[in-house]
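Shown below, as structure tokens, is a lone chain in the form predicted alone; questions about how it binds or moves come after it.
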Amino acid sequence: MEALKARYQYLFQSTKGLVLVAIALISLETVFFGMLSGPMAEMGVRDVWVRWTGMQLDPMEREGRIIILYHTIALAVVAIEVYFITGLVKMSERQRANINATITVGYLTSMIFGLWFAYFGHNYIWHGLFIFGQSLVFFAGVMLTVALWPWRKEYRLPPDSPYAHTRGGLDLERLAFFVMAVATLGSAVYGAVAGANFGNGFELFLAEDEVREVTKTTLQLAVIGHLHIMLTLIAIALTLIIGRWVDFKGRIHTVAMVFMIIGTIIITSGVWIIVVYRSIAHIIINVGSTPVLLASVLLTIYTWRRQVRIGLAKKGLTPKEAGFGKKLAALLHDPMPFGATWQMMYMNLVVTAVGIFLAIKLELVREWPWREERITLTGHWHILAGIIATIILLYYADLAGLKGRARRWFGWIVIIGSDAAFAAVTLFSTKRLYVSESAQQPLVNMTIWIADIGLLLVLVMLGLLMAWRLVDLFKGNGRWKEELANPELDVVGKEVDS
């Protein structure tokens, strides 16, 4: 009994255990409902899976099912980020415990009953519990925002602190977390208002299906804005988390935090006013994106310099003594912190650059068949979500204690596999720029194969990581016991055997 109690405490009271549970559930959900995907349908797996599980898939309800599915995954991702924040940012133990417990019950309730309602019969009690779970997640966000309040005296930084602060000692990084949390709460309400009107003359829709509608209703604009800002804020939160992980500090940290705070406020404001001032909202959003992007670049520069110093120090060298080749080898010696920040930069190639190009060349894009533009938009959002997932996975693998060859193999396979897949999807989604419809099949076949293989490699690595942690849980003195006794989240690179 004591052994079960100890494992329960690890899984549902420690930061690393809570993250493990959430990642495991997202993985199971992805595999379970991934059986309904296009490739599985082509191989005949989908029909067998539907009959075997008893799912009820009314074609008229497809949009509703997808919306609930994506929300359950997003809620779990938000919960993971909240666990990271409560583990990294100073707050009272009581606040940490209350926030983690509330958001855990919330996302689990929404995930279980939301998916049950969407795919296994419409018992509206389950739908009510789905909404109730979302409400708990929102309330956990309120508690987190209160805990992050940066103007309390005990959170002031001394004048000689290497971390970003004002002359009065205000912690700018904590302020950035606070601004992000407030923006997330407001943006959640933004989407909830639209969702509350479903069935009241407002029908379900997917944002990519309405891209060519000249006139959009206020509620449609609210849903589209909610989709964009929530994904953006998840990315902003993750950038701040990675900054804590790599011990981001110095003057460059101060500049980055100022950029992040200003950018978050401007982007969020632009999205919130889109229902009223649609014509200028996108301009405001683009202006706000620039400082956020610059903050991520500064974080990457700091991290890469730090990795070079750590890598060279392990070989007894200083940056002045080493040439370019040795510095490059030092940079790449640990794929975890390098990969997390590399993915941020890679995103600019396969997400940001593509989005800017399509916005500039919108008249050209509108000459394409509607299906092609829809594919581009869907790929655009999924790649961004996928990159966020790989960064979380790399961070968790470091927290889980991967070392040596296993660490390197895991990190590089995740980075290379995901990046190859994202590049292939980008080529596939923009294929009308460089190949005609009659000659597209070889390119389509190649990109689909590369994407499938790349994502399969990532899923295999994820599966092996989860299996390793599951086996560890059955050990009486496994790593889980050490993590339960030492709940602090370590700074990367201190004791890594690479």
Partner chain sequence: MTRLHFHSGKMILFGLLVLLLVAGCNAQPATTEPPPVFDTGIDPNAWAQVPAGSFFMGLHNHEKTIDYDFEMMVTDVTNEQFAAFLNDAIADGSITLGEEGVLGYYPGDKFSGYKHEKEIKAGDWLLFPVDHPDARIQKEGDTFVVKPGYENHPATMVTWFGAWAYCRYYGWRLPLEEEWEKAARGPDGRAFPWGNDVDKSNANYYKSHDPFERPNTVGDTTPVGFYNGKIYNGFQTMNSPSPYGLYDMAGNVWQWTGGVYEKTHLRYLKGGSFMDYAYNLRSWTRNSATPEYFSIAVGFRCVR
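Residue numbers count along the first chain shown, from 1. Keep in mind it's a predicted model, so treat the numbers as computed, not measured.
Below: the form predicted together with its partner chain, not depicted.
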### Task
State yes or no: in the model of the complex, is some non-hydrogen atom of W412 no more than 4.5 angstroms from a non-hydrogen atom of its partner chain?
yes
Note to self: Even though the partner isn't displayed, in the model of the complex is E321 close enough to its partner chain, meaning a heavy atom within 4.5 Å?
What the structure shows: no
Worksheet item: Looking in the model of the complex, any heavy atom of E93 within 4.5 Å of its partner chain?
Response: no
- Any chance R167 has a heavy atom within 4.5 Å of its partner chain in the model of the complex? no
Checked V31, M466, V444, V48 for heavy atoms within 4.5 Å of its partner chain in the model of the complex; positive is V444
So, G54, N123 and H127: all three within 4.5 Å of its partner chain in the model of the complex by heavy atoms, or not?
no
Which of 185 to 193, 83 to 91, 358 to 366, 172 to 180 lies within 4.5 Å of its partner chain in the model of the complex, heavy atoms considered? The stretch 358 to 366
Within 203 to 230, the residues having any heavy atom within 4.5 Å of its partner chain in the model of the complex are E203, L204, R212, E213, V214, T215
